[in-house]
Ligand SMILES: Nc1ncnc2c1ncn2[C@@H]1O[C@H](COP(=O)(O)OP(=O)(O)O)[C@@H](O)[C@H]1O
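Quick heads-up: it's one chain on its own, the form predicted on its own, in structure tokens.
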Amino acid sequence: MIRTLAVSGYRSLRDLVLPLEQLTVVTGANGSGKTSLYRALRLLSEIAQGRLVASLAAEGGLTSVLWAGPERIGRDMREGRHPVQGTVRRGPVSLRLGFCDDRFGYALDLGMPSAENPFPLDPAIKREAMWTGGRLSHASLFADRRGGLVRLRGATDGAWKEAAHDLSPFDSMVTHCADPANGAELLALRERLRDWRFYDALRTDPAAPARRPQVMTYTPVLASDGADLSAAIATIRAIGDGEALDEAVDGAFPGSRLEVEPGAGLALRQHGLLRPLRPAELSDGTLRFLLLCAALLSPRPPELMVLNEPEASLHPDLMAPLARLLRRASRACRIVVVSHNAALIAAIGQEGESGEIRLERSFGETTAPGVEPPRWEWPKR
């Protein structure tokens, strides 16, 4: 599972390398860079979908998302003895993303498009690399892309073989050079990235998809907007951990039980009521907690799940039940929670050991004081 995340040149993330635990809480004040870190993780996952370049173009292109400060921030600049100003650039314009675990590592370097490119908002992929082990080196590198040339090292003889010589600057080797015979590791990486899940748009407003009638079908993974909540809960009941679901619901709403009735869908039975409540009748907080239950208790857990401010709309009394839910889910997959809710963070800490990354911003740059960065090497162009 991913244990190191590296981002360079993206918004306020000038150069950040972070360790990820089984359950990691990312926190900090408004404007400290939490959302940028969340978006960086999403961009990594979109490499496998072929949407990375389009996503950056939708944000305004490379010039809109690049680190806007000086290339280097010296001590004199930080201590006020030298004004904050641009310097002569030593390296190329670059936005870099990467991650690694104990087995493999991957990094990507994006730069400015050529002058002939008819789509000036599309950044160009300048370099990609994949290697074995936790650190990039000449010996550990086995997939290498420079410009349009992609080379793969043979699994048996160790010899380099050309996989593509004119790969388009908007196409990744992860999507275009992955095959079971010559690019098995790239194929495995693509499937891993596709499996990452992100939840930041679980709607609970009156027109939320989760409140509407739903088609009941096998649904082991909750949709990112929660549109198939009833089917996801029914799937947990059928093949998942129904006991954990009952414990989570009762812990949040004592005396309540969540059911799925044939032809009627989701029903929340509460003590003292003569009939169950349907999704359209639930409060925003109640519906959101049930959506989180469906996401976190998935019978098909991903390698990585990232939740952005899951506490939104929840009453403070629900922070402890949510923390227990997160802790249980982290036994099956790696979870990153982005939040600035002190009650939730404290509740997660009380449930057991977790990694906390507290972001700060100084001179426009996001830093993580107190966090020991793992060793990391970026591939050079």
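Owing to the predicted nature of the structure, the values given are computational and were not obtained by experimental measurement. For every residue, the number given is its place in the sequence shown, counted from 1.
Beyond the structure shown, there is the form predicted in complex with the named molecule, which is absent from this document and is the topic of what follows.
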>> Contact with the named molecule in the predicted complex for residue 34, defined as at least one heavy atom pair within 4.5 Å: yes or no?
In response: yes
> Taking heavy atoms and a 4.5 Å cut-off, does residue 350 contact the named molecule in the predicted complex?
Replying inline: no
>> Under a 4.5 Å heavy atom criterion, is residue 343 part of the interface with the named molecule in the predicted complex?
In response: no
> Should residue 68 be counted as a contact of the named molecule in the predicted complex, where contact means heavy atoms within 4.5 Å?
Replying inline: yes
> Which residue, 29, 312, 54, 332, has a heavy atom that falls within 4.5 Å of the named molecule in the predicted complex?
Replying inline: 29
> 46-54, 315-323, 59-67, 350-358: which one contacts the named molecule in the predicted complex at 4.5 Å, heavy atom to heavy atom?
Replying inline: 59-67
>> With the partner left out here, which residues of 119-150 have a non-hydrogen atom within 4.5 Å of the named molecule in the predicted complex?
In response: none
